[in-house]
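Here's a solo chain for you in structure tokens, the form predicted on its own.
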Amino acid sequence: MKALSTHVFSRLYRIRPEQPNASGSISMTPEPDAAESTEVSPDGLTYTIKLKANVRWHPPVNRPMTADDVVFSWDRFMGKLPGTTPAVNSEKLTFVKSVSAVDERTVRFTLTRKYGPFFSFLADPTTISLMPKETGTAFDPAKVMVGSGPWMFDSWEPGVRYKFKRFDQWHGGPAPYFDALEINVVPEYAQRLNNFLAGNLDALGIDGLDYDRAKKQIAGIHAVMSANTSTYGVSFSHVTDKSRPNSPWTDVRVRRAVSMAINRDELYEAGYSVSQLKAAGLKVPEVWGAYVPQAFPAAYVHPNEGAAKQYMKYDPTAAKKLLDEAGGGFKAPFHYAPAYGRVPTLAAELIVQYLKKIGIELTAEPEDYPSKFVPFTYGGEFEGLAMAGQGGFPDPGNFLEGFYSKDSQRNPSRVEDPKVEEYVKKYYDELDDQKRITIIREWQNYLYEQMYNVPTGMIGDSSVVVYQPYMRGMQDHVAGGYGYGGEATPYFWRDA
């Protein structure tokens, strides 16, 4: 739903859609969406935002957006309105003290502390999306979506398709260029592939093994490859709690041994068929796992160049030696969510094999995503090892704070490390973008040494999206994270 909602709902800022560079990355630059301009106080604690005059709500509201709508959206997201509860991710927003309307088109955010990447926060689809104050009275938000984005909600058939219509009064016009948009829900990859090859789908995230076939069958198809926007890897239960006698992974040597036992090149080839894509003529962005995704090229520290690069290299002999020095092999459950897709499931299966070779016997425990994995395992309520990931954030700091800060609900290894908390404060206190880059690179090198989570690779089942020959605009409008619906699709068109 996060990705679907971005078709309909505006945000105050968004990530600027761009043509990716040679590595598949865009700059991830926040730019105004519903906002016209922002004034920041010298102490960095107050952001006064002027709204664009031409932002309008879809029918049945059909009026200009006001500052009261923004305040309403904030209060609804935080569970401050009658009958509402705090939304998922609301715990990330404790640094916002208040949101208030100054006048009809001006809203003020007052912070409890400095938050350097504040504009990226406003652009994050996983936080506040703007909704009219009539939500819940003029219409039922459980049945329809009413926003101010490029697409108006038309209809949906659960488990089948979602339909949207062009909003011809969108403030980002003259786009969208299509009159309508239909998103079909096709769970099985083989069926999606056949539909694409038959011309029934405009786009498809394709398996590397099938790209050459599609290229030969459909002359002139377009391939768009984007840099990794997610992180994924092996987590350890209560990793910093050394009082747990049955948790050998509280010893950093064990975690480093786990990392060295994983053959990442083989894993990526099995998951993404990298050699097949290259043989078909594509320049494939790296899928090497790290603590910050490759989508942030300035902030990204490559695993083979970091402070502890020796622990990211495949070396099962050295891994077993290090494990033996720490007390030898052990048995443990291994939790993962098949709902993440084919590639993460394959990764979990291969990692069980890799670790068995050095004396670690894992018992695979696949878990239902909504009922078990998200409420328990993802938050650190498990024993043993687990595969967990995160993605779609507009700022690199979100990835490190989320997985490693003791106050985060997205901390599967339940890391409690004063050094990490120092980095969190230092990073978010810094208002200068370039200085934050220096801080986050140092922070990653520290994490490479500690290996609280062992990075393995990206979550997505595909590293390449193919489009039918008649499609245009995709290469120049790549979105950041979950914002695809509002940041990219409005600028696609069909060649007559």
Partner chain sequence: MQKYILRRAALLLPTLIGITLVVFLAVRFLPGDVIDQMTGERGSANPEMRRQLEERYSLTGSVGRQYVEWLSDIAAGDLGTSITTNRPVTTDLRQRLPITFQLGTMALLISILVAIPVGILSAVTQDSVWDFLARSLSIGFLAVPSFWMGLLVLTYGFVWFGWVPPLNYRDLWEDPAQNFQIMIAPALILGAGLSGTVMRMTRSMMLEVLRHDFTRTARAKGLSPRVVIIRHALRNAILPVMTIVGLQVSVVVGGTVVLEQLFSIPGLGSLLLTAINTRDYPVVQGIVLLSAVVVVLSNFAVDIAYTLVDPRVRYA
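Small disclaimer: the values here were computed from a predicted structure and weren't measured. Numbering follows the first chain given and starts at 1. Under this definition, the rigid core comprises the largest set of C-alpha atoms superposing within 1.5 Å between the forms.
The discussion below concerns the form predicted in complex with the partner chain, not included here.
Residues placing heavy atoms within 4.5 Å of the partner chain in the predicted bound form fall in a single listed stretch, namely 187 to 195, out of 187 to 195, 246 to 254, 292 to 300, 107 to 115.
Remark: Ala219 does not count among the residues lining the partner chain in the predicted bound form, judged by a heavy atom distance of 4.5 Å or less. By the criterion of a heavy atom within 4.5 Å, Trp74 is excluded from the residues contacting the partner chain in the predicted bound form.
The partner chain in the predicted bound form comes within 4.5 Å of no heavy atom belonging to Trp288. Within 4.5 Å of some heavy atom of the partner chain in the predicted bound form lies at least one heavy atom of Trp156. Taken together, Asp241, Gly306 and Glu430 are entirely out of contact with the partner chain in the predicted bound form: none brings a heavy atom within 4.5 Å. Interface residue among Thr126, Ser405, Thr135, Ser226, judged by heavy atoms within 4.5 Å of the partner chain in the predicted bound form: Thr126.
A heavy atom within 4.5 Å of the partner chain in the predicted bound form is found for one listed residue only; from Asn200, Ser98, Gln310, Thr317, this is Asn200. Residues of 346 to 375 that come within 4.5 Å of the partner chain in the predicted bound form, judged by any heavy atom, are Asp368, Tyr369, Pro370, Ser371, Val374, Pro375 in sequence order. If you fit the rigid core between this form and the one not shown, you'll see the Cα of Lys215 move by less than 2 angstroms. The Cα shift for Pro141 between this form and the one not shown, taken after rigid core superposition, is 2 angstroms or larger. In the core-superposed comparison between this form and the one not shown, the C-alpha atom of Pro418 has shifted by less than 2 angstroms.
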